[in-house]
Structures are given as C-alpha cells and as structure tokens.
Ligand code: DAH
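In the block that follows, a single chain appears as structure tokens, in the form predicted on its own.
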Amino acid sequence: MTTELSDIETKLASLRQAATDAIASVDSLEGLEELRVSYLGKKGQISKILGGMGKLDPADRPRLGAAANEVKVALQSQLDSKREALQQAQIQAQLEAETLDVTMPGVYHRLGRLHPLNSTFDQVIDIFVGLGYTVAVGPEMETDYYNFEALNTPPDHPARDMQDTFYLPDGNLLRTHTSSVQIRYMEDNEPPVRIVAPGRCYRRDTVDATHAAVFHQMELLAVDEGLTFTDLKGTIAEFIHQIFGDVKIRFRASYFPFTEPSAEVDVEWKGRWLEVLGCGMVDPNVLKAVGYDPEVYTGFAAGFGIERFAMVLHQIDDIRRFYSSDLRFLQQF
C-alpha cells in the first residue's frame, strides 16, 4: 500500500467521524440538508478527497473507491435516519401546539346589545307591520318642496316658525320630520297606501333633558277610499295599547299644516297625562300635491318621537343619555 493511499484513507476516516458527529448534533431539517450537500454533494468534501485518486497507482484505485463508497453509504444512512427523526419531532411539536384541552373553560366574549332606540324602533315597526303597514324610507337631506311646500306649508306659512330648520348652502335642508317620505311615496304609488316611515330628523333645538338637535321619528300614513277619523282613532288606540298596555287615551284638538282636523294624543301614565304623538286627517291640499283626488280618497297620518317612547318605556330621565356612549347606561338594556 502506497503512502498516498494511506493518507487518503486516513482523511476519509476523519471525514466520516466528523460527519457522524455533525449529523448527530444537527437539530433542523435545513441544517441537515446543508450537511448532506457539504459532505455528499458534487462539490462536497468526499469528492474533493477523491480528486487525489489520479495520483494513485492504478492497482490502489479500486480499494480507495470501495472505501469511499462505504463512507458515502454510511453517511447517507445516517442522514436518512436523522431526517426521519427530525420530521417526526416536527410533527409531534405541531400536534402538541395544536392540541385542544377540552376541559379548559371557554373564552368568554361579551355579547352586544341593541341600543334602546333601535329596540324601540323594532318594537314599533313590528306592531305596524302586524297591522298591515309597509316600511318606507327617504333621504335625510331634503328639498324645501318635500319638507314643507308639498305638505301644505308654503314659504310664508307661519307654521315654518314651529320648526327651526338647518338650511344647507345649496338651498337644501336637513329634514325636520319624516313626513317628507309620505310625499315621495305617494308620488310613486297609487292608493291604497299604508306605510310607516322611520328615520333621523334635525331641528335647531336647544339641547336639554328633553330636546335634541338630532332625533328619531316615526310617521304613519294611510290613504284609501272612505277612511275617516274613526279609523285613525282605532289605529292609534290599538298601537298605544300594544306598546303601553291597558292605559287610558285622550285626543285633544291641535293644529298641523298637513292635517285637518288635527289632534294630540295623550296617555295616562303613572298617574299623569303624557303627550305621545300628533295625528290628523290628511289635508286635501297634500293629496292634490301628489296627484290624488281628494274627492275620492281620504287619509290619516300620525307622527311621534322614538326618543319620547323609549324614555317612557325605560324610565329614562334625560334624552342625552341615548347619545353618551356610556357603557354603564347601555349595558342595562
């Protein structure tokens, strides 16, 4: 055996031991792949050692080839075993991380609640839908025509002083009531009409315990042949009894430009009379404005504030509480 062969075999033995130690200590699949390339790749350390075979005696080359192949097979076996072990460890770690302990208490998420104004709207709408009415909506930014003129309130009408209006630079305004929805609906639909119009309204009121510049209103409208004030009273009475229970009701003569005759409705609540809504028979001029013949059709309308109903039902003392976003208040409902 020549000296060159002996040196190469010594290098192979040292390389095998170093590779074995490295494979045993590696702790990731990425690191293992780097070792494979470093030792067994085309430009790996074994290939470099075998690059000296050209200097050997031809008779010694088969022996060195067999020794090198033995090292390759041994290292490849160790690599495969280590790879399988690392893969199993990786799977086990993932299983442990994803394991659910079904005995642990669940994570509690506080449930949301309906705002008292929303729940009051829902309650009122459910009552009127049950009576055969349809929900109608309209824009919050209105024209003077729909908010006033078509509702029998011309520019010089004194009733405009009853509602301090937010006018916009373009001549439009923020609606002061949802009565404008009645006009828009009647323009697009022929009688019979039975609608409720819920929505947000705006007036330049001084904010205090019972007034707000932004509030919510519900309008009621029915138009058909032969409707009378008796039909209005019966509808209002049924609604009041469904929402307030068995309470006394009284109608007081009042004035609204778009109804004639008009009335305010009071209920006896906790020993005193409480005003809850305004109503009346639709003025013939309003019917004419939408193309209805007042000689054929009659109608009645009513309107009320949702805040007022919510304050009564929930015994709330200040309208500003609805808009305070105070969780201590909202969590009571």
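Just so we're clear, the structure is a prediction, and the values are computed from it rather than from any experiment. The first residue of the shown sequence is 1; numbering continues from there.
This protein has a second form, the form predicted in complex with the ligand, left out of what is shown; the following refers to that one.
Of the residues 235, 165, 217, 153, just one reaches the ligand in the model of the complex with a heavy atom at 4.5 Å or closer; this is 217. For the ligand in the model of the complex, the listed stretch (175 to 183, 76 to 84, 235 to 243, 96 to 104) containing residues with heavy atoms inside 4.5 Å is 175 to 183. Using a 4.5 angstroms limit between non-hydrogen atoms, residue 203 touches the ligand in the model of the complex.
Proximity of residue 120 to the ligand in the model of the complex falls outside the 4.5 Å heavy atom cutoff. Of the heavy atoms in residue 148, none are within 4.5 Å of the ligand in the model of the complex. In the model of the complex, the ligand sits within 4.5 Å of a heavy atom of residue 302. Residues 256, 258, 259 are the members of 243 to 265 with a non-hydrogen atom no more than 4.5 angstroms from the ligand in the model of the complex.
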